[in-house]
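Read on for two forms of one protein chain; each stands alone as C-alpha coordinates, with the labels structure 1 and structure 2.
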Structure 1
(Lines of atoms letter the chains of each structure in order from A and count residues from 1; the text may use other names and numbers.)
(Lines give C-alpha, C1' and ligand atoms only; values in the text may rest on other atoms or scores of the structure.)
Protein backbone atom coordinates (compact mmCIF):
# COMPACT_ATOMS: atom_id res chain seq x y z
CA UNK A 1 0.00 0.00 0.00
CA UNK A 2 1.56 3.32 -1.08
CA UNK A 3 1.32 6.16 1.32
CA UNK A 4 -0.16 9.31 -0.20
CA UNK A 5 0.85 12.69 1.20
CA UNK A 6 -1.60 14.20 3.64
CA UNK A 7 -1.14 17.69 2.27
CA UNK A 8 -0.63 18.98 -1.27
CA UNK A 9 2.66 20.78 -1.63
CA UNK A 10 2.27 24.46 -2.48
CA UNK A 11 4.67 26.44 -4.65
CA UNK A 12 5.14 30.13 -5.27
CA UNK A 13 4.27 31.59 -8.62
CA UNK A 14 1.21 31.40 -10.80
CA UNK A 15 -1.96 33.11 -9.66
CA UNK A 16 -1.83 34.40 -6.08
CA UNK A 17 -5.02 35.87 -4.69
CA UNK A 18 -5.21 38.65 -2.06
CA UNK A 19 -8.29 40.25 -0.54
CA UNK A 20 -10.98 38.52 -2.58
CA UNK A 21 -14.29 39.66 -1.06
CA UNK A 22 -16.20 36.90 0.72
CA UNK A 23 -18.79 37.09 3.52
CA UNK A 24 -17.53 36.45 7.03
CA UNK A 25 -20.72 34.52 7.78
CA UNK A 26 -22.84 32.59 5.29
CA UNK A 27 -26.22 34.06 6.16
CA UNK A 28 -29.12 34.01 3.65
CA UNK A 29 -28.28 37.64 2.76
CA UNK A 30 -24.62 36.71 2.25
CA UNK A 31 -25.55 33.76 0.01
CA UNK A 32 -27.78 36.11 -2.03
CA UNK A 33 -24.85 38.54 -2.32
CA UNK A 34 -22.69 35.69 -3.67
CA UNK A 35 -25.27 34.99 -6.40
CA UNK A 36 -24.93 38.62 -7.53
CA UNK A 37 -21.15 38.73 -7.24
CA UNK A 38 -19.35 39.85 -10.41
CA UNK A 39 -17.34 37.11 -12.12
CA UNK A 40 -13.76 36.70 -10.97
CA UNK A 41 -11.45 37.35 -13.92
CA UNK A 42 -7.75 36.55 -14.02
CA UNK A 43 -5.03 37.26 -16.52
CA UNK A 44 -2.25 34.73 -16.85
CA UNK A 45 0.53 33.78 -19.22
CA UNK A 46 -0.21 30.88 -21.51
CA UNK A 47 2.49 28.91 -23.26
CA UNK A 48 2.21 26.10 -25.76
CA UNK A 49 4.81 24.08 -27.58
CA UNK A 50 3.96 24.22 -31.26
CA UNK A 51 5.49 21.87 -33.81
CA UNK A 52 5.74 23.79 -37.07
CA UNK A 53 6.82 22.35 -40.41
CA UNK A 54 8.19 24.48 -43.23
CA UNK A 55 7.27 21.64 -45.61
CA UNK A 56 8.29 22.36 -49.18
CA UNK A 57 9.84 25.70 -48.11
CA UNK A 58 12.43 23.94 -45.92
CA UNK A 59 15.28 24.33 -48.47
CA UNK A 60 14.74 28.11 -48.44
CA UNK A 61 15.30 28.27 -44.67
CA UNK A 62 18.25 25.88 -44.92
CA UNK A 63 19.70 28.26 -47.52
CA UNK A 64 19.29 31.28 -45.23
CA UNK A 65 21.00 29.37 -42.42
CA UNK A 66 23.94 28.80 -44.79
CA UNK A 67 23.90 32.39 -46.09
CA UNK A 68 22.49 31.42 -49.49
CA UNK A 69 19.43 33.03 -51.03
CA UNK A 70 17.25 30.56 -52.94
CA UNK A 71 14.33 31.07 -55.27
CA UNK A 72 12.21 28.82 -57.43
CA UNK A 73 11.95 28.52 -61.20
CA UNK A 74 9.25 27.01 -63.39
CA UNK A 75 11.15 24.52 -65.59
CA UNK A 76 8.89 25.00 -68.63
CA UNK A 77 8.77 28.80 -68.73
CA UNK A 78 11.84 29.86 -66.74
CA UNK A 79 9.63 32.15 -64.64
CA UNK A 80 11.60 32.70 -61.43
CA UNK A 81 10.21 33.49 -57.99
CA UNK A 82 12.28 35.38 -55.41
CA UNK A 83 10.31 33.73 -52.61
CA UNK A 84 9.87 30.02 -51.98
CA UNK A 85 7.16 28.50 -54.14
CA UNK A 86 6.84 24.76 -54.66
CA UNK A 87 4.49 24.97 -57.62
CA UNK A 88 4.07 27.31 -60.55
CA UNK A 89 1.52 30.09 -60.41
CA UNK A 90 -0.13 29.31 -63.74
CA UNK A 91 0.37 25.63 -64.56
CA UNK A 92 0.70 24.25 -61.01
CA UNK A 93 3.77 22.28 -62.04
CA UNK A 94 6.55 21.62 -59.55
CA UNK A 95 9.26 24.28 -59.49
CA UNK A 96 13.02 23.80 -59.14
CA UNK A 97 15.33 25.48 -56.65
CA UNK A 98 17.80 28.06 -57.99
CA UNK A 99 20.36 30.25 -56.29
CA UNK A 100 19.55 33.95 -56.36
CA UNK A 101 22.17 36.69 -56.31
CA UNK A 102 22.80 38.36 -52.96
CA UNK A 103 22.79 41.75 -54.67
CA UNK A 104 19.65 43.48 -55.83
CA UNK A 105 17.91 46.83 -56.09
CA UNK A 106 15.16 48.52 -54.11
CA UNK A 107 11.96 48.31 -56.15
CA UNK A 108 9.71 49.94 -53.53
CA UNK A 109 9.75 50.58 -49.79
CA UNK A 110 7.69 51.81 -46.90
CA UNK A 111 8.52 53.12 -43.45
CA UNK A 112 6.68 51.14 -40.79
CA UNK A 113 5.76 53.17 -37.72
CA UNK A 114 3.83 50.25 -36.25
CA UNK A 115 4.48 46.53 -36.30
CA UNK A 116 3.64 43.26 -34.68
CA UNK A 117 4.65 42.71 -31.06
CA UNK A 118 8.02 41.31 -32.16
CA UNK A 119 8.90 44.37 -34.26
CA UNK A 120 7.19 47.12 -32.27
CA UNK A 121 10.35 48.02 -30.30
CA UNK A 122 12.21 48.51 -33.60
CA UNK A 123 9.78 51.00 -35.12
CA UNK A 124 10.17 52.95 -37.27
CA UNK A 125 11.85 50.55 -39.71
CA UNK A 126 12.09 50.25 -43.47
CA UNK A 127 10.39 47.39 -45.28
CA UNK A 128 11.42 46.99 -48.92
CA UNK A 129 10.66 44.99 -52.02
CA UNK A 130 13.94 43.87 -53.58
CA UNK A 131 14.31 43.02 -57.25
CA UNK A 132 16.99 40.64 -58.50
CA UNK A 133 18.62 40.10 -61.88
CA UNK A 134 16.98 37.00 -63.36
CA UNK A 135 13.98 36.91 -61.00
CA UNK A 136 10.45 37.79 -62.05
CA UNK A 137 9.06 38.50 -58.59
CA UNK A 138 10.21 40.58 -55.63
CA UNK A 139 11.38 39.71 -52.12
CA UNK A 140 9.80 41.52 -49.16
CA UNK A 141 12.45 42.13 -46.52
CA UNK A 142 13.87 44.58 -44.01
CA UNK A 143 16.21 47.32 -45.26
CA UNK A 144 18.73 48.41 -42.63
CA UNK A 145 21.40 51.07 -42.63
CA UNK A 146 19.13 53.95 -43.67
CA UNK A 147 17.44 56.56 -41.51
CA UNK A 148 13.66 55.93 -41.65
CA UNK A 149 13.06 59.58 -40.73
CA UNK A 150 14.96 60.65 -43.86
CA UNK A 151 13.12 58.41 -46.34
CA UNK A 152 13.60 59.51 -49.92
CA UNK A 153 12.40 58.48 -53.34
CA UNK A 154 16.11 58.43 -54.19
CA UNK A 155 16.15 55.02 -52.47
CA UNK A 156 14.19 53.51 -55.38
CA UNK A 157 16.68 51.67 -57.57
CA UNK A 158 19.39 51.77 -54.89
CA UNK A 159 21.78 48.79 -55.07
CA UNK A 160 21.51 46.64 -51.95
CA UNK A 161 23.33 43.65 -50.51
CA UNK A 162 21.88 40.68 -48.60
CA UNK A 163 23.06 40.16 -45.03
CA UNK A 164 22.30 37.13 -42.92
CA UNK A 165 21.97 36.71 -39.18
CA UNK A 166 25.04 35.06 -37.69
CA UNK A 167 22.80 32.76 -35.66
CA UNK A 168 19.83 31.82 -37.80
CA UNK A 169 16.40 31.72 -36.16
CA UNK A 170 14.72 29.85 -39.06
CA UNK A 171 12.56 32.89 -39.78
CA UNK A 172 12.21 35.03 -42.90
CA UNK A 173 14.00 37.79 -40.96
CA UNK A 174 17.22 35.71 -41.05
CA UNK A 175 17.98 37.71 -44.21
CA UNK A 176 17.89 41.50 -44.53
CA UNK A 177 19.43 44.02 -46.91
CA UNK A 178 21.71 47.04 -46.56
CA UNK A 179 22.87 49.63 -49.11
CA UNK A 180 25.62 48.13 -51.27
Structure 2
Protein backbone atom coordinates (compact mmCIF):
# COMPACT_ATOMS: atom_id res chain seq x y z
CA UNK A 1 0.00 0.00 0.00
CA UNK A 2 1.45 3.40 -0.93
CA UNK A 3 2.10 5.91 1.84
CA UNK A 4 -0.71 8.47 2.04
CA UNK A 5 -0.05 12.09 3.05
CA UNK A 6 -1.03 12.93 6.61
CA UNK A 7 -1.07 16.68 6.05
CA UNK A 8 -2.76 18.81 3.41
CA UNK A 9 -0.45 20.99 1.37
CA UNK A 10 -0.66 24.64 2.42
CA UNK A 11 -1.24 27.17 -0.33
CA UNK A 12 -1.97 30.86 -0.52
CA UNK A 13 -5.19 32.14 -2.08
CA UNK A 14 -8.60 31.79 -0.50
CA UNK A 15 -11.85 33.63 0.02
CA UNK A 16 -12.48 37.27 -0.79
CA UNK A 17 -13.67 38.93 2.40
CA UNK A 18 -15.64 42.17 2.69
CA UNK A 19 -15.55 43.66 6.18
CA UNK A 20 -13.77 42.50 9.30
CA UNK A 21 -15.03 42.08 12.85
CA UNK A 22 -14.48 45.36 14.69
CA UNK A 23 -16.06 46.96 17.77
CA UNK A 24 -19.38 48.54 16.90
CA UNK A 25 -18.74 51.30 19.44
CA UNK A 26 -15.30 52.72 20.20
CA UNK A 27 -15.56 52.76 23.96
CA UNK A 28 -12.27 52.98 25.95
CA UNK A 29 -12.59 49.25 26.62
CA UNK A 30 -13.07 48.52 22.96
CA UNK A 31 -10.06 50.63 21.98
CA UNK A 32 -7.96 48.80 24.54
CA UNK A 33 -9.20 45.48 23.20
CA UNK A 34 -7.73 46.32 19.78
CA UNK A 35 -4.29 45.52 21.16
CA UNK A 36 -5.37 41.89 21.48
CA UNK A 37 -6.24 41.57 17.81
CA UNK A 38 -4.35 39.02 15.77
CA UNK A 39 -2.56 40.49 12.75
CA UNK A 40 -4.22 40.91 9.39
CA UNK A 41 -2.20 39.33 6.61
CA UNK A 42 -2.86 40.10 2.97
CA UNK A 43 -1.42 38.87 -0.29
CA UNK A 44 0.64 41.31 -2.32
CA UNK A 45 1.64 40.32 -5.83
CA UNK A 46 4.88 41.52 -7.33
CA UNK A 47 5.96 40.69 -10.86
CA UNK A 48 8.42 42.42 -13.11
CA UNK A 49 10.10 41.74 -16.43
CA UNK A 50 13.71 42.87 -16.49
CA UNK A 51 15.51 43.75 -19.70
CA UNK A 52 18.71 42.11 -18.51
CA UNK A 53 21.87 42.84 -20.47
CA UNK A 54 24.74 40.37 -20.62
CA UNK A 55 26.95 43.34 -21.49
CA UNK A 56 30.56 42.40 -22.26
CA UNK A 57 29.76 38.73 -21.61
CA UNK A 58 27.29 38.60 -24.54
CA UNK A 59 29.64 36.77 -26.97
CA UNK A 60 29.69 33.78 -24.61
CA UNK A 61 25.94 33.32 -25.08
CA UNK A 62 26.23 33.89 -28.83
CA UNK A 63 28.92 31.18 -28.81
CA UNK A 64 26.55 28.69 -27.18
CA UNK A 65 23.95 29.24 -29.88
CA UNK A 66 26.70 28.20 -32.35
CA UNK A 67 27.81 25.22 -30.24
CA UNK A 68 31.03 26.93 -29.19
CA UNK A 69 32.20 27.18 -25.59
CA UNK A 70 34.16 30.38 -25.03
CA UNK A 71 36.35 31.53 -22.17
CA UNK A 72 38.45 34.60 -21.45
CA UNK A 73 42.21 34.93 -21.11
CA UNK A 74 44.40 37.61 -19.59
CA UNK A 75 46.83 38.61 -22.36
CA UNK A 76 49.59 39.47 -19.91
CA UNK A 77 49.48 36.44 -17.63
CA UNK A 78 47.72 33.84 -19.75
CA UNK A 79 45.35 33.16 -16.83
CA UNK A 80 42.24 31.66 -18.39
CA UNK A 81 38.67 31.90 -17.11
CA UNK A 82 36.13 29.20 -17.92
CA UNK A 83 33.32 31.54 -16.86
CA UNK A 84 33.40 34.83 -18.80
CA UNK A 85 35.12 37.81 -17.26
CA UNK A 86 35.71 41.05 -19.14
CA UNK A 87 38.71 42.21 -17.14
CA UNK A 88 41.46 40.17 -15.55
CA UNK A 89 41.63 39.54 -11.82
CA UNK A 90 45.43 39.65 -11.97
CA UNK A 91 46.56 41.92 -14.80
CA UNK A 92 43.56 44.25 -14.52
CA UNK A 93 43.40 44.55 -18.29
CA UNK A 94 40.71 43.65 -20.77
CA UNK A 95 40.59 39.91 -21.40
CA UNK A 96 40.55 38.27 -24.82
CA UNK A 97 38.14 35.57 -26.00
CA UNK A 98 39.42 32.04 -26.43
CA UNK A 99 37.71 28.81 -27.39
CA UNK A 100 37.48 26.24 -24.59
CA UNK A 101 37.53 22.51 -25.15
CA UNK A 102 34.12 20.84 -25.07
CA UNK A 103 35.47 18.08 -22.85
CA UNK A 104 36.28 18.52 -19.21
CA UNK A 105 36.10 16.84 -15.82
CA UNK A 106 33.75 17.11 -12.86
CA UNK A 107 35.44 19.17 -10.14
CA UNK A 108 32.54 19.14 -7.67
CA UNK A 109 28.82 18.39 -7.85
CA UNK A 110 25.56 18.03 -5.96
CA UNK A 111 22.12 16.60 -6.60
CA UNK A 112 19.48 19.24 -5.90
CA UNK A 113 16.33 17.68 -4.45
CA UNK A 114 14.98 21.12 -3.65
CA UNK A 115 15.82 24.52 -5.10
CA UNK A 116 14.65 28.00 -5.76
CA UNK A 117 10.94 28.19 -6.51
CA UNK A 118 11.63 28.72 -10.21
CA UNK A 119 13.55 25.45 -10.47
CA UNK A 120 11.53 23.23 -8.11
CA UNK A 121 9.69 21.53 -11.00
CA UNK A 122 13.06 20.43 -12.41
CA UNK A 123 14.25 18.64 -9.25
CA UNK A 124 16.09 16.39 -8.80
CA UNK A 125 18.87 17.75 -10.99
CA UNK A 126 22.65 17.62 -10.83
CA UNK A 127 24.71 20.79 -10.56
CA UNK A 128 28.40 20.52 -11.27
CA UNK A 129 31.51 22.63 -11.53
CA UNK A 130 33.56 21.60 -14.55
CA UNK A 131 37.32 21.95 -14.95
CA UNK A 132 38.94 22.22 -18.39
CA UNK A 133 42.42 21.55 -19.68
CA UNK A 134 44.08 24.91 -20.17
CA UNK A 135 41.63 26.87 -18.00
CA UNK A 136 42.38 28.10 -14.48
CA UNK A 137 38.79 28.52 -13.32
CA UNK A 138 35.62 26.43 -13.48
CA UNK A 139 32.16 26.54 -15.07
CA UNK A 140 28.90 25.91 -13.22
CA UNK A 141 26.55 23.76 -15.26
CA UNK A 142 23.91 21.03 -15.26
CA UNK A 143 25.10 17.45 -15.52
CA UNK A 144 22.72 15.01 -17.19
CA UNK A 145 22.79 11.30 -17.78
CA UNK A 146 23.46 10.26 -14.17
CA UNK A 147 21.07 8.66 -11.71
CA UNK A 148 20.29 11.33 -9.08
CA UNK A 149 19.54 8.60 -6.56
CA UNK A 150 23.00 7.11 -6.98
CA UNK A 151 25.13 10.16 -6.15
CA UNK A 152 28.72 9.20 -5.50
CA UNK A 153 32.00 10.95 -4.84
CA UNK A 154 33.31 8.82 -7.70
CA UNK A 155 31.57 11.30 -10.00
CA UNK A 156 34.31 13.79 -9.14
CA UNK A 157 37.01 13.55 -11.78
CA UNK A 158 34.64 11.97 -14.30
CA UNK A 159 35.31 13.02 -17.92
CA UNK A 160 32.34 14.91 -19.33
CA UNK A 161 31.29 16.26 -22.69
CA UNK A 162 29.49 19.53 -23.48
CA UNK A 163 26.12 19.34 -25.23
CA UNK A 164 24.32 22.31 -26.69
CA UNK A 165 20.62 23.00 -27.09
CA UNK A 166 19.55 23.08 -30.71
CA UNK A 167 17.04 25.79 -29.89
CA UNK A 168 19.11 28.10 -27.76
CA UNK A 169 17.35 30.12 -25.08
CA UNK A 170 20.24 32.54 -24.52
CA UNK A 171 20.65 31.19 -21.00
CA UNK A 172 23.70 29.51 -19.46
CA UNK A 173 21.69 26.27 -19.63
CA UNK A 174 22.12 26.35 -23.42
CA UNK A 175 25.15 24.25 -22.61
CA UNK A 176 25.07 21.22 -20.33
CA UNK A 177 27.32 18.23 -19.83
CA UNK A 178 26.98 14.48 -19.90
CA UNK A 179 29.46 11.71 -19.07
CA UNK A 180 31.94 11.43 -21.96
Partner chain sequence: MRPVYAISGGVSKFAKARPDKTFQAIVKEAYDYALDDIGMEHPQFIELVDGSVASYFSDHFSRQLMAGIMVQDYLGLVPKPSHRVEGGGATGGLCFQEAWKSVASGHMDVCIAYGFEQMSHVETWKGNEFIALASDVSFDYPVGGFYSGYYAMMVTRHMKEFGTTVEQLAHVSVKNYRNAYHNPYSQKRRRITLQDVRNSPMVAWPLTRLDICVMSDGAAATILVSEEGLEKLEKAGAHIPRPLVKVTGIGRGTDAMRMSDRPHVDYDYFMQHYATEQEKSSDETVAYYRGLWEHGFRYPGVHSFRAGRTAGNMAYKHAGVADPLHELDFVELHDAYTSSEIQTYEDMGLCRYGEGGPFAASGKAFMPGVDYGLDLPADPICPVNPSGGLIACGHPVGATGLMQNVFAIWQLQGTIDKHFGDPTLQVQNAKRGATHSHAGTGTYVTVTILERAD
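Positions refer to the first chain, counted from 1. We call the rigid core whatever largest set of C-alpha positions still superposes within 1.5 Å between the two forms. Small disclaimer: the values here were computed from a predicted structure and weren't measured.
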TODO: Choose the one of the two that is the form predicted on its own.
DONE: 1
Open item on the list: When the rigid core is used for the superposition, does residue 29 move between the two structures (threshold: C-alpha shift of 2 Å or more)?
Closed with: yes
Task: Is_shifted residue 150 between the two structures (CA, 2 Å cut-off, rigid core) - done: no
- [ ] Kindly check if the Cα atom of residue 118 is displaced 2 angstroms or more between the two structures relative to the superposed rigid core.
- [x] yes
TODO: Once the rigid core is superposed, tell me how far the Cα of residue 40 moves between the two structures, in Å to one decimal.
DONE: 11.6
TODO: Would you mind giving the Cα movement of residue 49 between the two structures in Å, after fitting on the rigid core?
DONE: 5.0
